[in-house]
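In the form predicted alone, a lone chain appears below as structure tokens.
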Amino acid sequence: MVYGQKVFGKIDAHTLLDEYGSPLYVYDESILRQRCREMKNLISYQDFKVSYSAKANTNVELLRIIRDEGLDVDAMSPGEMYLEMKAGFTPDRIMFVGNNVPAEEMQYAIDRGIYISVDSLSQLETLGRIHPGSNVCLRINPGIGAGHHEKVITAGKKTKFGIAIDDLKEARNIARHYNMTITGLNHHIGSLFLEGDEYLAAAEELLGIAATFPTVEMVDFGGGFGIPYRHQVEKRLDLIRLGQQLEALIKEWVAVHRPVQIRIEPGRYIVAESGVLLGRITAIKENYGNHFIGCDIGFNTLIRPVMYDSYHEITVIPAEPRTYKEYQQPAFLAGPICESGDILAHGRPLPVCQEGDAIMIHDTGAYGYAMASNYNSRLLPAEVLISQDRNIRLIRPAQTLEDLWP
């Protein structure tokens, strides 16, 4: 382990923690822009749009960079729509992909001219009642699901999302009753795939459905593009191969039917690798033969390991130069939350740590801060951005105790 390990190879971790506090989310602008461009260049089809799924990370400064790169954006709530507009997205670049939302949330989008996707017959009925004559997108459940954990599979017969194919006839009847026009179809089969076969199969299924809807002008294949969290053993998603296969599928369909706009909605792929989470070692102890390393990062700050059994690479950065023993010991990296499940790594071989050492948890730009909470009345951390010219900018201050009481 090298003393003075730099964050993204640019800034010393301890320097950042000393200035902005611990824990701390750190983002790299260059990586963020690179991932945006990779998605934009996935296919060369002329009418192709990338909509960032903002639930992955809604920091307004990051949203501004994503907007600047030419991506559109999806929203799952009025809060996300509000933040996206604060970041400069105009309503025509936002799609509200609601799920079991009240009529008031639909009305928020309607009042701002934001396109709405509905994912059930009852939600379509609700939209028809409050906004008859509107254009609408249907979220389809194609019966194909994929994902790294059952909690992130968003299609198939056991998920809450989307309109079943068998119900599409009734969806047409509801739309006709309220004089609505079905102008879009979208789906999302799940999160964190590293092989494209299921994504392609679902895309082909969705295009097949689009062929039966002559009014459809937009087909959205969803997101779920994965990143290799296990750096040494997982291969990157082959975007070149996936893009070629996807483009061939689209061109074949368009040649037989008609031109439509094609969309995808990546979230994780855009922001995950642009973020790391820094913290500090606070305690070392042995409990009945188990080695515990305590730190100030709990599941209030990063919930993915607890919620999804997710793996993140961890780097230890010593507080001062010292020689490590040659071996690494299996350890439990534990946070400060008063819950037995507050464990970031289970029996993971980690260097021999000391109090005051820093730790860097990699690939936390997606579903990190966005899913953080004040559980145990703990404060939300600051977020900083390393700009392309290597300057550091605070893009969200850390909470103070006074922020806990309005």
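Because the structure is a prediction, the values reported are computed rather than measured. One-based numbering along the sequence shown.
Missing here is the form predicted together with a small molecule; even so, the following discussion is about that form.
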Using heavy atoms and a 4.5 Å limit, would one call G223 a contact residue for the small molecule in the predicted bound form? yes
Quick one: does M371 come within 4.5 Å of the small molecule in the predicted bound form, counting heavy atoms only? yes
Taking the small molecule as it sits in the predicted bound form, is E84 near enough to touch it, meaning that at least one heavy atom pair lies within 4.5 angstroms? no
Is G267 close enough to touch the small molecule in the predicted bound form, meaning at least one heavy atom pair within 4.5 Å? yes
Would the small molecule be touched by all three of K55, H188 and L192 in the predicted bound form, meaning a heavy atom each within 4.5 Å? yes
Choose from 164 to 172, 177 to 185, 230 to 238, 267 to 275 the stretch whose residues reach within 4.5 Å of the small molecule in the predicted bound form, heavy atoms counted. 267 to 275
Under a 4.5 angstroms heavy atom criterion, identify the one residue in Y308, Y108, W253, Y115 near the small molecule in the predicted bound form. Y308
Position in contact with the small molecule when the complex is considered in the predicted bound form, options V97, I262, L127, L71, heavy atoms within 4.5 Å: V97
